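In the structure tokens that follow, a single protein chain appears in two forms: structure 1, then structure 2.
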Structure 1
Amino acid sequence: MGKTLELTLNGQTLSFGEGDTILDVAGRAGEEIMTLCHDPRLKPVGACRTCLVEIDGWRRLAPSCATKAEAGMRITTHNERIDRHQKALLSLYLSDSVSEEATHDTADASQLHSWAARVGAATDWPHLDSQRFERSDDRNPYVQFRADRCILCARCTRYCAEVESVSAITLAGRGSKTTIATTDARSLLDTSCELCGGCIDVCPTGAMTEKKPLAQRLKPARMLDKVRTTCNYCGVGCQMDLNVDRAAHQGRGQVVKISSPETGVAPNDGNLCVKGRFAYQFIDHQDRLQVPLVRGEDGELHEASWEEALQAAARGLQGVAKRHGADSLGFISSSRCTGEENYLVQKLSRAVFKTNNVHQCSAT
């Protein structure tokens, strides 16, 4: 560690480390600064202009996300000038975006609209028609780009290039026609896109959104419960939030979307892959087994009650143990099931049937 560095922020003396930005320092001190294009996983670009602060001796306001803290800086995050700037800026954003009500039809909360409400941005400025090309015929199954809500913060394109490193989408065009595009406006399926959906997750306005919930007329984010859990695919153990519509399926509940946890949460730092984020429709699939099945005299599987099935299973396993000995049984547990369930399988095998023939597919 180098020597202690100090600056003043809103009159408060704060220490910081080499390389910290003003936003980092403010964040640690609990001073909230509005951001839209910022993501700790991405290089700062200072493009959304929401995080501008005043630094004594600087003629212009400076983006706190991209400005390195320097010893002796005197920084103000709120005064008449900054408040006026924020209000005017967000009023401009709103005139170039959709109404607050229009954001209710997706499960993605719009950070833009909540900030706008907080700073009291004007909602009655003339509306500008979006000039941004939308690629509405993209046949990819997951990601929908709704250009009318895009504020070109470029979090999605930067995530695609810097974190996922596939560079499937890009800022394209110029000026008010600037949009988020694929090469030659192709479908994401025909690009280097790996469908990780990170673009949806980083979008602060719901411009990048999921196709599936749209089709299902999904409820707004505030009407969904989020349940933090662990992904059931590979061994990384990503943390993820199941977005649950409690009323669906006659009150049984339905997972209607999977979203990332906040950045910084181990082990995935807010990232998910295509399987984790999107491949959850199996949960509701019609092929799911719903009742126990027992093979009858006719050689076919028949629906049975739990009691019948449990008795049949017990009789069958115990019969073999009696006829051929305990070590004629094999217990195959599953690396897809929970630790507790694996524990119970080995206990079943060892304590109930007296054999160590228990294993699962995982001998790495």
Structure 2
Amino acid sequence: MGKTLELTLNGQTLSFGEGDTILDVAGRAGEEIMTLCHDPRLKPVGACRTCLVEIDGWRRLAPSCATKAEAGMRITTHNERIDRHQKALLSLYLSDSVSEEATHDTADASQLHSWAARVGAATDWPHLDSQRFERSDDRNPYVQFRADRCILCARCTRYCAEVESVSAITLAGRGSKTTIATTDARSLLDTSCELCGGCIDVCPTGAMTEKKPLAQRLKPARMLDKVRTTCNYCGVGCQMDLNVDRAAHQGRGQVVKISSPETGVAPNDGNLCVKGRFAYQFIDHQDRLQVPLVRGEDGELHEASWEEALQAAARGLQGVAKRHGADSLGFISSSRCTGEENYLVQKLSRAVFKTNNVHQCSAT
């Protein structure tokens, strides 16, 4: 057995394993450390400097996300020195970002403003106008970059490179003009971007956001209810959260966006594809059928009961099978159905009509 490694965190002796960071150790012990640039799926870079801790014998504060735990360390996560640093740092971030009221236009809370309120950061420091280029005319239909909210934590660019492995966006420019850019300032549609929306999910300030909820300008008074569900677009079974505006549609509610759950939730670990995150408009689409329709002798479609519709479908299928054989039939079901519903379709095809001509795109 390997040697037991121990350190002291806020006076508490804790064990840890090889390769653990101070942030890892603190998290398992229930000690909360502020972070803005950190994501457990990404390599730590210590860019935002909000997670600094004090280590006995070290002259400078150390970034807990990027500092490996060592045996015998004596670490403090909260004291007057650390608190003073965090308050000043977040005050500077606020001076380079938008006001708290302006962060809620997609009904998402800003991690920056949430942390700033907790530490009592100054909100009256002189504001710096953004000099960053933001591609406001990007014609892609889903992702919007708002430079006036960016704090250059690089979570979005790192996610794009390390998780999605497409590197469609990157840091470009120098100094106060450093921004999130694409090659030659092209639209995301003209890059390697897969429009997965992961950059939106990891952004702590709302700089990367969704165009459709942004157009609706959702205000804090219309905070959304999150409903956990399973994506049906393929057979992976990704977990996702429906963000429902209960006040919309005369109180019937409306799904206004899709977000991914926290990391660690199987099987997708907080990741979604373009269909899972953005293809939800069919739910309330005006062309979506809400009642069964059966074509009458006049050649027109007429509303019918479910019993009448099912009898008409059964007669039609049986008639084709009788005239041309079972393999003249083919059954196609939708990936928007549940796994159980798709299972029933293939049972109908194979057991009732005796044909293996059945398919649906999720291939479950």
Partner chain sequence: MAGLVTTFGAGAMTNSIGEIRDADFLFVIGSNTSEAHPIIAMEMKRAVHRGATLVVADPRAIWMTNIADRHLRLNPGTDVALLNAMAHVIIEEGLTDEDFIASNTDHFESVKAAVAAYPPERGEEITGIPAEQIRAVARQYASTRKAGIYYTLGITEHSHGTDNVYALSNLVLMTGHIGHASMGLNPLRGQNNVQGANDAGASPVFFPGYQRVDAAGIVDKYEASWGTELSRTPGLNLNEMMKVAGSTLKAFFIMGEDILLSEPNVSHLEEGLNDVEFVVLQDLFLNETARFADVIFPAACFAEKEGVFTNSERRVQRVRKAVEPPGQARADWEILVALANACGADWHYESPAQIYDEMVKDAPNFAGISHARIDERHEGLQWPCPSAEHEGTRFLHKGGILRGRGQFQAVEYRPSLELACEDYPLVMSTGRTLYHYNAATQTRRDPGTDEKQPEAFIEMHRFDAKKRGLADGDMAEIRTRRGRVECRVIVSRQVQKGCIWMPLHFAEARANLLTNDAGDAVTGTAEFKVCVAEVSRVQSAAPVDRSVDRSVDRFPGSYYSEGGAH
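Note that the structure is predicted; figures quoted are calculated from it, not measured. Sequence positions of structure 1, starting at 1, serve as the residue numbers. Superpose the two forms; the largest set of C-alphas matching within 1.5 Å is the rigid core.
Two forms of the same chain are shown on their own. Structure 1 is the form predicted in complex with the partner chain.
Each of the two rigid parts keeps its shape between the two structures, while the smaller one turns against the larger by 31°, per C-alpha superposition. When the rigid core is fitted, N356 shows a C-alpha shift of 12.7 Å between the two structures. Per-residue C-alpha deviation between the two structures, core superposed: R295, 2.9 Å.
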